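Only one chain is shown below, in structure tokens, and it's the form predicted on its own.
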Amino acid sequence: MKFKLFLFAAPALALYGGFFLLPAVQGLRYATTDWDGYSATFDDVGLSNLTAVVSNDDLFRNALTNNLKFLLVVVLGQTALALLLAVLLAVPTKGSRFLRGLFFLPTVLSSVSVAFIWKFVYDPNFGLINTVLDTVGLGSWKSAFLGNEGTAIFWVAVAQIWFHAGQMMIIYIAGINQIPPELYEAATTDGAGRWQQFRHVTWPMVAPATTLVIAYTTLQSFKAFDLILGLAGNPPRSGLDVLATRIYTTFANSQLGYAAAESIVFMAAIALVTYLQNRAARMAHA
């Protein structure tokens, strides 16, 4: 019986081993070499690549800082917006169903399509936002958006929130619909208002959904490679360079060994951030 179960799982195990485990092990090996990705031979350099990434790489440090800024804005903004939309649209009516579909629509678009849409919105000369500001007499508020090195990453974060908030809204609606209506009836009997019902009933009961949304949003934030390349071009400027684009640029510069070392630090950063977020989510719902 056990052998039959093994045979049943063997194709999946073979694919997982071939496409995930083997490349991961190879990545660890290449991180200790100076391989350029093309040559037949390479030299071992020990841990010097990892040491350089952690201690002596200003470009990688800048990308990490940008990624953390992007992550913070997207996680907070996307989670809050998704929860707000879910609370407002949880009751199934014709209007709420239409709005759910409308807010979910950006999720089915490709990252390249979203990048083109927001390039039009952010264009400093002919973009939607600056045109509207001019029309309503607020031309002094016009901005270069993606052309501003200090704030460009935040404008990309806004595009990312627009892209995926509807998807997270669906998760929250599923969580809210699982809450027993008796809890709201008891809260109403005790004189609780809408905010108190949200604070003491909805928020604690959607804790599993919140954990899922935060974890998924974090991964999305670290994987926003194609959206950033679509908005910023390749290679992106310093203000829009994140870890994924930094690794890609290093690889494109024929430094595969060093790119592998950057990937290891990248994975460690994702694991650390995810762990801290899970701890914070448990404390917030305790």
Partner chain sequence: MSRRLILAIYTLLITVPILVIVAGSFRTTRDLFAAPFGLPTDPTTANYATVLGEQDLLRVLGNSVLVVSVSVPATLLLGSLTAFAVARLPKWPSTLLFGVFALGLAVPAQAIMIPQYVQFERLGLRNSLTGLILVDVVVTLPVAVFILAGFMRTLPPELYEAAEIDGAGPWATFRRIAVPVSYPSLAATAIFLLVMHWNDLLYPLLFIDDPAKRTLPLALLDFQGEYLTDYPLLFTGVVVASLPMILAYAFLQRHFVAGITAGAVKG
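Everything numeric here is computed off the predicted structure, so don't read it as measured data. Heads up, when I say rigid core I mean the largest set of C-alphas that superpose within 1.5 Å between the two forms. Residue numbers count along the first chain shown, from 1.
The discussion below concerns the form predicted in complex with its partner chain, not included here.
Enquirer: Examine P235 and determine whether its closest non-hydrogen atom to its partner chain in the predicted bound form is within 4.5 angstroms.
Expert: Heavy-atom contact with its partner chain at 4.5 Å: absent for P235.
Enquirer: Flag F126 as yes or no: does it have a non-hydrogen atom within 4.5 angstroms of any non-hydrogen atom of its partner chain in the predicted bound form?
Expert: Within the cut-off, so yes.
Enquirer: Should G101 be counted as a contact of its partner chain in the predicted bound form, where contact means heavy atoms within 4.5 Å?
Expert: Residue-level check for G101: yes, a contact with its partner chain.
Enquirer: Answer yes if any heavy atom of Y216 is within 4.5 Å of a heavy atom of its partner chain in the predicted bound form; otherwise answer no.
Expert: Close contact exists here: in the predicted bound form, Y216 approaches its partner chain to within 4.5 Å, heavy atoms only.
Enquirer: Which residue among V75, A152, A187, A165 has a heavy atom within 4.5 angstroms of its partner chain in the predicted bound form?
Expert: Exactly one listed residue reaches within 4.5 Å, namely A165.
Enquirer: Among the candidate residues V201, L109, A192, A207, which is the single one with a non-hydrogen atom no more than 4.5 Å from its partner chain in the predicted bound form?
Expert: By the 4.5 Å heavy-atom cutoff, the listed residue in contact is L109.
Enquirer: Heavy atoms, 4.5 Å, its partner chain in the predicted bound form: which of 166 to 174, 136 to 144, 67 to 75, 179 to 187 makes the cut? Say which one.
Expert: Correct option: 166 to 174.
Enquirer: Just give me the residues of 247 to 268, first to last, that have a heavy atom within 4.5 Å of its partner chain in the predicted bound form.
Expert: Result: I247, Y248, F251, L256, A259, A260, S263, F266, M267.
Enquirer: State yes or no: after fitting on the rigid core, is the Cα displacement of V25 between the shown form and the other one at least 2 Å?
Expert: Superposed on the core, V25 moves its C-alpha less than 2 Å between the shown form and the other one.
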